[in-house]
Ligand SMILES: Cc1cc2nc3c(=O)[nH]c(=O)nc-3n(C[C@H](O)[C@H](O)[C@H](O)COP(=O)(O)OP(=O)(O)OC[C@H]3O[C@@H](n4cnc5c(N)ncnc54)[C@H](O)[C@@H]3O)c2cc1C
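Presented as structure tokens, the chain that follows is alone, the form predicted on its own.
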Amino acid sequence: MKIRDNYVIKQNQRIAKDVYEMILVGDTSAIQSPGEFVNVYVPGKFLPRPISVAYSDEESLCLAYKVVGEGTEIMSQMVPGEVLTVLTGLGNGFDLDVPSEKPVLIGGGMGVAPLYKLAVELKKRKKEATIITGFRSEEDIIYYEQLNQLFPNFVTLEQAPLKKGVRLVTDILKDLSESDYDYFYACGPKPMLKAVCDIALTDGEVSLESRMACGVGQCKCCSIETNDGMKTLCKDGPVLKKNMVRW
């Protein structure tokens, strides 16, 4: 189910370097799983902007977005009370029904945003999750307090400047044994995701990024080749199982 509707901006504030958090009030019934995204129709722009859902409840949804172009720049200047048209219920999110009791969540940069809602849902299911996140600098860190409150096994790494002695999220993952986790969820830059899949001792899934237009699998511009044939990331993804990804 997909819902295109108008949403009222409740809050729109900067939470990190060039990163804003927008809270919208409206119908969230189409959002079913963490890892899904929405299409935001920015005033004055033809194509919508796909943005991950960081969190949602019965009456509001929270979007974390980085200002990288004209569309997100316009969004960053919008104020509470303004209205945005949003298409919700997009994408294939993280699988919460896998037989896992001790998952590890691995996020890099803005890839941490969808892990917030995932962590909330895992907490509700009484899972013992470990969370590893990495950012380019302290100025880029998002959702530290929220994730730290949800799970005590939480590590945030300062990844830049990249120099000798600086550890990456994959270095921390290497330190974990099979007794520490039984599944992984990952979201972040493609090189990080590939490294996670190579290093991880268990099955898992990754959330991939791609340029998107329609958001519903019709235009095919986000198609990728997988081990199960061609898939569109906006419809079959953005979350794919580890064994499906062809790097």
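These figures come from a predicted structure and were not determined experimentally. Numbers for residues come from their place in the sequence shown, where the first is 1.
Keep in mind the form predicted together with the ligand is missing from the figure; the text below concerns it.
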Just one stretch in 26 to 34, 189 to 197, 48 to 56, 174 to 182 has heavy atoms within 4.5 Å of the ligand in the model of the complex, so which one is it?
48 to 56
Taking any heavy atom pair closer than or equal to 4.5 Å as contact, tell me whether residue 212 reaches the ligand in the model of the complex.
yes
With the partner left out here, check for me: in the model of the complex, does some heavy atom of residue 64 sit within 4.5 Å of the ligand?
yes
Do residue 113 and the ligand share at least one heavy atom pair within 4.5 Å in the model of the complex?
yes
Contact of residue 103 with the ligand in the model of the complex (heavy atom, 4.5 Å)
no
Which listed residue (85, 72, 153, 146) meets the criterion of a heavy atom within 4.5 Å of the ligand in the model of the complex?
72
Heavy atom within 4.5 Å of the ligand in the model of the complex: which residues of 220 to 247 qualify?
238
